[in-house]
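This document starts with one chain, in the form predicted alone, laid out as structure tokens.
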């Protein structure tokens, strides 16, 4: 049942990606050039909605939420690899699959690269766990935990800040 729910939510997320037009190459490049904030607005919205959903389900006891530990080594190297791939190809992994589903055949190349990268990662996994993850490992931390405040306060500030940011983007035509 968990896999079915995952499939349904994945398909719905893909539909939302398509409806928001974030699968388009022009939107991807516009985001990288800071000239089109459609992707930023979409992802920030998913972060706020996801935060509300995850913490609500956790608070009522339906789901358990335990964030991964923060490793600066993993975050920096992973972020650089992700960013380089996005800049070179013009798509991130999720949007490349969505674009292929829309009929853009050229996105098969980033998808094959993603699969190849996954295979390489399998072989490098012991190195990542033993060498890279310990670099700057802070364990499981959260903003509300660091500040010693309720998570709903952080989510409210994030939501309100997002609204102001969206309004600023809209005023500038971004």
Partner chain sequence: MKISKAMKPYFFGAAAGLLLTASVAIEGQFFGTSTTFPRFATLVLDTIGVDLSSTAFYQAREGSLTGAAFPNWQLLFVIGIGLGAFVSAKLSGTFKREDLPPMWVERFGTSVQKRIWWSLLGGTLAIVGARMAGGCPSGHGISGLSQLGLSSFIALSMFFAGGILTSRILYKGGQA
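Everything numeric in this text was worked out from a predicted model, so none of it was measured. Numbering follows the first chain given and starts at 1. So that the term is clear: the rigid core is the largest set of C-alpha atoms that superpose within 1.5 Å between two forms.
Missing here is the form predicted in complex with the partner chain; even so, the following discussion is about that form.
For the chain shown alone, residue 131 is not a contact residue for the partner chain in the predicted bound form, no non-hydrogen atom being within 4.5 angstroms.
Contact check for residue 11: a non-hydrogen atom falls within 4.5 Å of the partner chain in the predicted bound form. In the predicted bound form, the partner chain sits within 4.5 Å of a heavy atom belonging to residue 15. Within this chain, residue 105 lines the site of the partner chain in the predicted bound form, having a heavy atom no more than 4.5 Å away.
In the predicted bound form, the residues of 1 to 30 lying within 4.5 Å of the partner chain by at least one heavy atom are, in order, 2, 3, 5, 6, 7, 9, 10, 11, 12, 13, 14, 15, 16, 17, 18, 19, 20, 21, 23, 24, 25, 26, 29, 30.
Relative to the superposed rigid core, residue 8 undergoes a CA displacement of at least 2 Å between this form and the one not shown. Taking 2 Å as the criterion, residue 115 counts as shifted between this form and the one not shown: its C-alpha moves by at least this amount when the rigid core is aligned.
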